[in-house]
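Presented as C-alpha cells, the chain that follows is alone, the form predicted on its own.
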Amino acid sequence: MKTMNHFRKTLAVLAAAAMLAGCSSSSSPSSASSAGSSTAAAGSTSETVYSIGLAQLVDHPSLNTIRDAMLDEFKKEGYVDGENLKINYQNAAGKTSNLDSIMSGYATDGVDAIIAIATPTAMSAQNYADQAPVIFSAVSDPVEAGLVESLEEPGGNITGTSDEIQVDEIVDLMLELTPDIKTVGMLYNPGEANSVATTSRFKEYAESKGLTVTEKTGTDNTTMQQAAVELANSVDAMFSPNDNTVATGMVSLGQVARDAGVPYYVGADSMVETGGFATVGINYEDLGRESARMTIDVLNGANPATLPVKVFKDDLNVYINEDVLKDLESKGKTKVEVPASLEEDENVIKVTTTE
C-alpha cells in the first residue's frame, strides 16, 4: 500500500511562487496580462508571446494542485512565464461575485486564452468565450453545467477537463469499508451546479443499493457547520462531493464527523487529507497537466468547439485517512473494516490528516 506525503510534491513550480502569492485579485509585474499575443525579440530570434488569464474561485488543495501542475507543465513544454508566456493569475477569494470582474478584465486585456479552474469559475468565463477561448479544468459535469453541448463535441469556444466523481465506486467503497450502514447524509452547497449534479447521481445509486439518503445544505462555513452537526447526529455515514464550500471548511467539517464517530466519505483526495475518511478519486496533478496541454493546443490553433472534453475515469486510487480510520475503529459508532484485498492493493493510498 502506498503512502502519500501531506500534500503532493510542490513541483518545480515554486519558481512561479511570486506570481501566485496571496489570494488577492492583483498580480505581480511578471504576471501582468498583455493585450493579446505579441512578438518579442530574443537576440536575433523572435517568437510569439501568448497571454493567458488563469483564475480559480478559492484556495484549497485540489485546486492549488491543478494550478501548480498546469504551470509546471507549461514550463516543461517550453512556455515560460515572463519569456514567451504572460500569465495573469487571479483568485476570487471564495466570492463568486468577484468572478465576473476578473473575466471582464481578461477580456479587456485581450488575453489569448482563459483558463478557469472548477465549475463556478468556468461558468463565469463562459460569458466571455466570444472574446477569448476558454479552457476549463476540474468541472464535474460540464454538460449539466451548460458549458458544452456534449463531451465529444463541445460546440462553442470552450472545452477542458472533467473530474467527474465516480459516485458508483464511492458508494461501493462505503459498503466495503462500512458494510453495516443503512443511512447516509449528503452535505453540499446547492448553489454549486457540480455539487447538485453529483449528489443527484450519488443518491440514485446509493438508493439502488438499499441505502436511505438524507441531505443537508449550506452556503458558507457557518451554515455548513450547522448542517454537518445535524447530519452527524442522525446518520450512519456522510458524503460530500468535491464542493468548493465544503472543501474550504473541510478541517472543521471532518472534525464534526470524527467527533460523532461517523465515517465521512468525500469527493477528492485533498478532502481526505484535510479530515474526510475515504474516497475513490483521480490524481489532480494529472488533470492539471492535461489542462495545460489542451491550452497549448488551443493556442496553436485547435478549435475548442471540436476538441473533446477530457474525462478522467481510469487509473483511480482509493484514499483512506489513517488517523480517521484509527478513531473510527476504536470509538466510532459505525463498524469499519478494511478488507485484506484493499490492504494489498497498490492503488490504495493511506494519508494522514493535515490542515
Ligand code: TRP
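Each residue number is its position in the shown sequence, starting from 1. Being a predicted model, the structure only gives us computed values, none of them experimental.
There is also a form predicted together with this ligand; it is not shown, and the following applies to it.
Heavy atoms of R289 never reach within 4.5 Å of this ligand in the predicted complex, leaving it off the interface. In the predicted complex, no heavy atom of R293 sits within 4.5 Å of this ligand. By the criterion of a heavy atom within 4.5 Å, E273 is excluded from the residues contacting this ligand in the predicted complex.
In the predicted complex, this ligand lies farther than 4.5 Å from every heavy atom of Q56.
Listed stretches are 166-174, 201-209, 131-139, 216-224; the contact stretch with this ligand in the predicted complex is 131-139, by a heavy atom cutoff of 4.5 Å. Proximity to this ligand in the predicted complex holds for none of L99, I102 and I114, with the criterion being a heavy atom within 4.5 Å. Among the residues N88, N91, T119, T159, the one placing a heavy atom within 4.5 Å of this ligand in the predicted complex is T119.
Y284 is the sole member of F74, Y284, Y265, Y188 with a non-hydrogen atom within 4.5 Å of this ligand in the predicted complex. Residues S62, L63, I66 are the members of 62-83 with a non-hydrogen atom no more than 4.5 angstroms from this ligand in the predicted complex.
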